[in-house]
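Heads up, the chain below is alone and in the form predicted on its own; it's given as structure tokens.
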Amino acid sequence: MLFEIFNTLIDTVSDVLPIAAIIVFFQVLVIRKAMPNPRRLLIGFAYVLVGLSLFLVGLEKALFPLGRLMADQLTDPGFVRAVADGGAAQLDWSAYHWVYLFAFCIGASTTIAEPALIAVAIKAHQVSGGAIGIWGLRVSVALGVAIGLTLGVYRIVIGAPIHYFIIVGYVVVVVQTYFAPKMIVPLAYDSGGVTTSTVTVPLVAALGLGLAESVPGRDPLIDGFGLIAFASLCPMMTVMAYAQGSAWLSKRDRITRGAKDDS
């Protein structure tokens, strides 16, 4: 375990050092100003390296194997038949209800724990002066990922072409972009990207491949991939819907207060 932690630390250093080198290059040679608080920056950089290394090892040793095991068990044909009409030989899309529930729950929980989303939510809260709530953004993105994964799992089960879902989804996004508050649109588009990061991707990929290998007539190469596209698409809808709902509630409250003042 210590040897693996050390190797992960070395890999993390090799991944993070180019980022630090670019920042130092522009700070020293382009901006030509000394780094503020260099001692604090070095200590923080060391914390990042150690914390990220332990985080990656923990994911690899605990979360990923558990997620893969759950995906394999829930998509196993024997288990699906056992819970569908007392062991029916022919299975339809409704027989995989536990898989849909698992996809929804794992999508929401992994997104809530996604470090990239936490960082974006904190920055959005700071820049907006508190207008964008940290938990409001995180929950709306998590709900989008959960819905997207559930829809993607349903697509794998029924064997429908992925482009129909994606085309319809982006049409909805374009329409929402026109009506949503302009402040939230760029953040909604970014929210679709930050969901597909360290925690979410391995579990989602394991779920898609496991399901495609278990459902009769599905090709893992064609049907097993594509869940990440749903996990990126649906959060854009839910974040803009969250902003639209908040704007509608604020407008209704203003109208209600104005009516009370007039009376």
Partner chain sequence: MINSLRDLLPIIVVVAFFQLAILQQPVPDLLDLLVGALFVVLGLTCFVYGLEISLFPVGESMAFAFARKGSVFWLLVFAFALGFGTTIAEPALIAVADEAAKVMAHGQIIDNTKTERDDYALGLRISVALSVGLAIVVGVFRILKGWPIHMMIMAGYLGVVFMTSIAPDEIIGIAYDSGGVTTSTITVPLVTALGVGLASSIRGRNPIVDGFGLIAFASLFPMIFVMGYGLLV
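In this text, all values refer to a predicted model and were calculated from it rather than measured experimentally. Positions refer to the first chain, counted from 1.
One more form of this protein exists, namely the form predicted together with the partner chain; it is left out here, but the text below deals with it.
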At the 4.5 Å heavy atom threshold, is residue 16 in contact with the partner chain in the predicted bound form? yes
Would residue 79 count as touching the partner chain in the predicted bound form under a 4.5 Å heavy atom rule? yes
So in the predicted bound form, is the partner chain close enough to residue 150 to count as touching (4.5 Å, heavy atoms)? no
Would you check, heavy atoms only and a 4.5 Å threshold, whether residue 238 touches the partner chain in the predicted bound form? no
Among 157, 143, 106, 180, just one has a heavy atom within 4.5 Å of the partner chain in the predicted bound form, namely 106
Mind listing which residues of 109-142 have a heavy atom within 4.5 Å of the partner chain in the predicted bound form? 109, 110, 112, 113, 115, 116, 118, 119, 120, 122, 123, 124, 126, 127, 128, 132, 135, 138
